[in-house]
Each structure stands twice: as structure tokens, then as C-alpha cells.
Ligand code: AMP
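Only one chain is given next, in C-alpha cells, and it is the form predicted on its own.
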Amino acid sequence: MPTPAPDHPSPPTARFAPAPLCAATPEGLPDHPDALVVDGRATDRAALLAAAAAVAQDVRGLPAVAVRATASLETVAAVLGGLQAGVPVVPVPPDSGPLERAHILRDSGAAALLDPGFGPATPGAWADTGVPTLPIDLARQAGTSFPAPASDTVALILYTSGTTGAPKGVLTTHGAVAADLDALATAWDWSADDVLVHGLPLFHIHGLVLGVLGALRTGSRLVHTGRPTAERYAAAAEQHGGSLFFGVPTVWSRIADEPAAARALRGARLLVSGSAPLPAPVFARVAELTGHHPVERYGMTETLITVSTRADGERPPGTVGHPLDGITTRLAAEDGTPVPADGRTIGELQVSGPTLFAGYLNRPDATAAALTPDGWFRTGDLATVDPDGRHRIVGRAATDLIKSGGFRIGAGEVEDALLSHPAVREAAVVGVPHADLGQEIVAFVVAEPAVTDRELTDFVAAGLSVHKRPRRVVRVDALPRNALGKVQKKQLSTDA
């Protein structure tokens, strides 16, 4: 059965009316000289808005504008300027190579590239793009105001990689972003009283949509730490009074390894983890040191954030909570039939609601394939839902559903079991073709040399079921991860 969002009243915290995405602050909210601090540089909202207006004047009427999305105030002004002008903004990873960025710029139809590093002293980091490069100068300001774009206007074109082919451009509208941020503000009691701290990339929904546009829409102050280190998070807590902290599992793992830095977060209101599952041992260590059970949430580039534990609710490790307001979810078997919400049966998670994308740019075939006949988005992620509606993400259908000896096994469950062993620091589990079993379970682990492979497989068999134990253990120095800390399983090799 579909799982609708639970009925939660708005929290009692006083809020200003949300700002449009193209504004710098909710109307009537007092300004602050450190309203936005990015990598040690600060600005107030009025100056940011004026710098964004100057950008908007430059790009208004263009079909799309790309931004080299460094961790900088210039990037924030550039994105805000594009939104003010009603021009789709294409955030480009600053470390992207020439082939990747050439594809993004060509496919998106970006008519200009806004480069935070471009100026008289620095002739541009990407001189080879073939796209006109425009500078972003915070001292260049304008007082022009622009009408708020319609809710169905494309705000962002975010590029995401699938299992095959070049990255696809995800069309995300102003209305979808607004609906998502308002739902998250309710779920997390997020208000203008908060000081948001994070150091996440500004070319992804976690760092840019939640971490910048969310702060601007709710009116909370923002401290972007540049690099997301434990020391910088602790300093932001102490110097700026950080109350709301965003991180990916890699960030929280590093914080858990630095007890003094972690304890500096004890005065926070909420710690949020996303973009990949938070290992149970890291969850426990963070909770022990900070006094906070992290909020875990789930989303995709195509859907934004759709499921989350709540500020006022239970936060069991490994679960991502309930659908946000306005979102409905359901589980489907491989043949499309409904999967029961019994907390055990695995199905593909499908999502419906106002935060969904408007399609893939120039890819009607891919858009159609991503939707069910009745319009639900196929996430490609495997999940279970318990009778109370609480969601647990098991993994990706393409890589994390292992069919071995007639059993359907979620890789995430085996990974969690391995990570609960004190000698294991990292673990990734995959299914590998096997003549007899169909697939055998292979575990890649970063573990202390003293523990044997047999001890690890027996440990899993004792905690789960014998058929879920790894048949092989492969020792590695580190797991391959992307910028958001997600393990790249396709880069793991089982060659002996």
C-alpha cells in the first residue's frame, strides 16, 4: 500500500513567510553581517542580493547559464542571480575533467559560464570550454528587482550519472525546490533562529539546494566551512553558534574519530546525515560523543528529499523515517506487484509528489523509462517499510539486490553486519556470478590484519543467517567513493 506523509502540524517555532528561491531572505527578517559565511568570508543578505541582481542583469534571457560551483560566496551569488533572472542554472563540479564539463555545457545549452575564479588576475580556470565566461564580482552590485518566476519554471539543471551512458540533465523547477524546502523546514523545525553549518559541494542537492537555498528560504544563517573537516565543524559550532549541521557519512565518520571536535557539537539542535547510508557504528559513536542521534533522510537528484526522520520523532539507526508532507511512497516487486509493509520484504521504492523532476533534458526516452504507467518515479533503490511506515533503504536494485541460492539478500544488511565487527572500518558487499548459486556474496573490507576472513564470515552468519554470509572476503586499503562519500561499487574488482 502507498505510504503517505504523516499529519504533522507546523512546529511552534516562529517563522517568517518563506522567501522565494530568487530572494536572499524572507521579507521582514533583520539582516546580519554574517548572514552567509563561506570558507571564512562573510556577507550580509542585502549585499548578496545586490551582487546576485548584477548577475541577473547579465544573464537574463539566456536559455541556460552554467556555474563553476566552487565553495565560494561568488557561487552563491551566481546561482541566486540565475534564479532571479528565471534562467536555468547548471552547477558544474569544479573538479570535473574536460570531457565531463564539455558534455554538461554542450548538453545543457548553457550560453555562458559564470566562473568564480575569473578576473583580471586569473584569466579563468576553464579557458577551453568554448562558452563565453563571465566574471562574478561581489563588489559589482545592482538594485534591480525581478518578478518571481512561475513555479513550473526550471530552476536548476542538475547532472546525474546512471549505470550507462553520459550524465543526464535533471530538470528541477522552482516549485519543486520550494515544496521540498518547506516540507523539510516542518520536519526539522528549521527556522530563522537556526545557524546552518556544512561543508558539502555546491553542485549537488545536499550542499546547494538544502544547504544554501534552504538557508535563504528559511532565513537561517549559513556557515559553509569550505572543506568539511571535524575541526572546521567544531570551530563553526563554537564561533558561530551552529545549531543545524549537515554531513554525509564520510564527514560524520571523521567527526566520530575526533572526540574533542565531536563534543563541540553537543550544543547543536540537530545533526543531519544523507546522500548515503550512515553505518550503525558511526551513528552510535556520533550519538555517544555529541549527545544527538543523527537525523537520516533519503532523496535523489530526480526527487529531491522525500523521506526523513523528524526532529520530534524517533531516529533508529539505519532508518530514514517517513515521507515528508505531500510525498507518497510505495514498494513494488520486480513484476510491479505491491510489496507488503511488513518491515522485512524488499521492494523497489517508488515516489509521488510535488518535488519530482520535470524530466531529463532532451531525453524523453529516459524520462518515460523512469516513470511507471501511473506516473510514479522509479527510484531504483531497494527498501523495506515497517507497519508504522518507517523506511529502511537496502541499496540499489542494480547492484545491491543479490540473488544467491534462491534467496534475495540486500547488500546493505550484510554490510551493516560486517561494520558492527570491531575490526572492520569499511565494507562493501556485491553479488558476483556463480555457476551454482546464481550469485555469490563477496565482501570488500578495510579491516585490521589480525582478523581472519573466516572470522568475518562466521560473524555475519551468527548475526544474520548462514545464507547471508560472504562466500569471499577481499581486503582493500580503501573503498572507492565519490565526492559525497558514496561507495562506487562498479570500481571494485573481484579478480583474484
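In this text, rigid core is short for the largest set of C-alphas that superpose within 1.5 Å between two forms. Please read these numbers as outputs of a predicted model, since none were measured by experiment. Just count from 1 along the sequence shown to find any residue number.
The form predicted in complex with this ligand is left out here; the points below concern that form.
Participant: Please pick, from Gly242, Pro323, Gly412, Gly299, the one residue with any non-hydrogen atom lying within 4.5 angstroms of this ligand in the predicted bound form.
Facilitator: Checking each option against this ligand in the predicted bound form, the one that comes within 4.5 Å is Gly299.
Participant: Taking 4.5 Å between heavy atoms as the contact cutoff, choose which of Arg396, His103, His421, Arg285 touches this ligand in the predicted bound form.
Facilitator: Only one option qualifies, and that one is Arg396.
Participant: Is there a heavy atom of Thr172 lying 4.5 Å or less from a heavy atom of this ligand in the predicted bound form?
Facilitator: Output for Thr172 is no: heavy atoms all beyond 4.5 Å of this ligand.
Participant: Should Asp189 be classed as touching this ligand in the predicted bound form when contacts are defined as heavy atoms within 4.5 Å?
Facilitator: Flag for Asp189 set to no.
Participant: Given that the partner is absent here, does Ala311 sit within 4.5 Å of this ligand in the predicted bound form, heavy atoms only?
Facilitator: Although this ligand is absent here, Ala311 would stay clear of it in the predicted bound form, with no heavy atoms inside 4.5 Å.
Participant: How about Ala358 - does it come within 4.5 Å of this ligand in the predicted bound form, if we only consider non-hydrogen atoms?
Facilitator: So Ala358 does not count as contacting this ligand.
Participant: Out of 77 to 85, 267 to 275, 285 to 293, 422 to 430, where are the residues with a heavy atom within 4.5 Å of this ligand in the predicted bound form?
Facilitator: After filtering at 4.5 Å, what remains is 267 to 275.
Participant: Sequence order please: the residues of 226 to 263 with a heavy atom within 4.5 Å of this ligand in the predicted bound form.
Facilitator: Not one residue comes within 4.5 Å of the partner.
Participant: Note yes or no: does the Cα of Gln439 move by 2 Å or more between the shown form and the other one after the core is superposed?
Facilitator: Indeed, Gln439 is displaced by 2 Å or more.
Participant: Taking the rigid core as reference, does His467 move its C-alpha 2 Å or further between the shown form and the other one?
Facilitator: Yes.
Participant: Relative to the form shown here, do the C-alpha atoms of Gly321 and Lys468 sit closer together or farther apart in the predicted bound form, given a change of 3 Å or more?
Facilitator: Farther apart, which means the C-alphas of Gly321 and Lys468 are at least 3 Å more distant in the predicted bound form.
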